[in-house]
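We begin with a single chain expressed as structure tokens, specifically the form predicted alone.
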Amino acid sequence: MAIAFSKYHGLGNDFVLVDNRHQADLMLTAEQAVKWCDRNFGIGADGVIFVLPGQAGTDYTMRIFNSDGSEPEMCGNGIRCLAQFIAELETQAGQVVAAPKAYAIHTRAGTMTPKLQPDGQVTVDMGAPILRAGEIPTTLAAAAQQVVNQPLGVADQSWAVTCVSMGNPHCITFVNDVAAIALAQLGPQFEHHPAFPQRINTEFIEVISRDYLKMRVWERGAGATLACGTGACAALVAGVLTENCDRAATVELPGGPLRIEWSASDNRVYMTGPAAKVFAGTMAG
């Protein structure tokens, strides 16, 4: 059976989007999603995202498979792409979609609210960061404590790490030269470290100034990617906790910049960045 899809990317973090609103079951299995994500024999993507009917008063539901078939709680770049895809679907159905336009999206990390901006950017209320070790989860501290600049042994080296969950778990470490990091070697060792029972996303951060950070990321289940929205949010939170940056900053990823703010008034993290359609087509399930 041929299934229609659209391909989107957020700063090079790319996804296949599938309209799954007509049925409760996902139109692809995890194994099929892996094949779709294959860059040589499939469409090529970091993940497959499905839009389903809303739950618990939300407008829509988001489900996602990573390129390895695992299912993360949510994805920051992915939800920006999802918002643009939903606007495309609504426009095709004859609905008037005028920015600013917000959607309440049910995810495994809770309700997220992306808002389409008049300039084509998408702002997402990513919610409050989760800082207790037991909720991230990590065993680097007691369950109720925060993990800030804690030592972690990886590759015969001690790294000062700060852990944050944005609905999915992140380990952040600040380095002098992010370009010098051997990401392909270090990333899997962080991801599968026994201190992280659900594996971990890892961000290596170079502080350029208090309002400008450079980041490289190894994503749990996807490997090295050009951008990670939740990772950029977690990095800024970690920067504030370690006094490396201000509460609002630009985070530059290999695919481009995101603007991140950790609001002091409501404790929520806001991410603003682009999402662009690449092409559409059909693919055998």
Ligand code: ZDP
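Not measured: the values here are computed from a predicted model. Residue positions are given as counts along the sequence shown, with the first one as 1.
The next section is about a form of this same protein that is not shown, the form predicted together with the ligand.
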Heavy atoms within 4.5 Å of the ligand in the predicted complex: which stretch among 177 to 185, 70 to 78, 88 to 96, 112 to 120?
-> 70 to 78
Any chance 132, 146 and 165 all have a heavy atom within 4.5 Å of the ligand in the predicted complex?
-> no
State yes or no: in the predicted complex, is some non-hydrogen atom of residue 138 no more than 4.5 angstroms from a non-hydrogen atom of the ligand?
-> no
Wondering, does residue 107 line up within 4.5 Å of the ligand in the predicted complex on heavy atoms?
-> no
Hey, in the predicted complex, is residue 216 touching the ligand, heavy atoms inside 4.5 Å?
-> no
Going by a heavy atom distance of 4.5 Å, is residue 227 a contact of the ligand in the predicted complex?
-> yes
Does any residue in 1 to 39 get within 4.5 Å of the ligand in the predicted complex, counting heavy atoms only, and if so which ones?
-> 13, 15
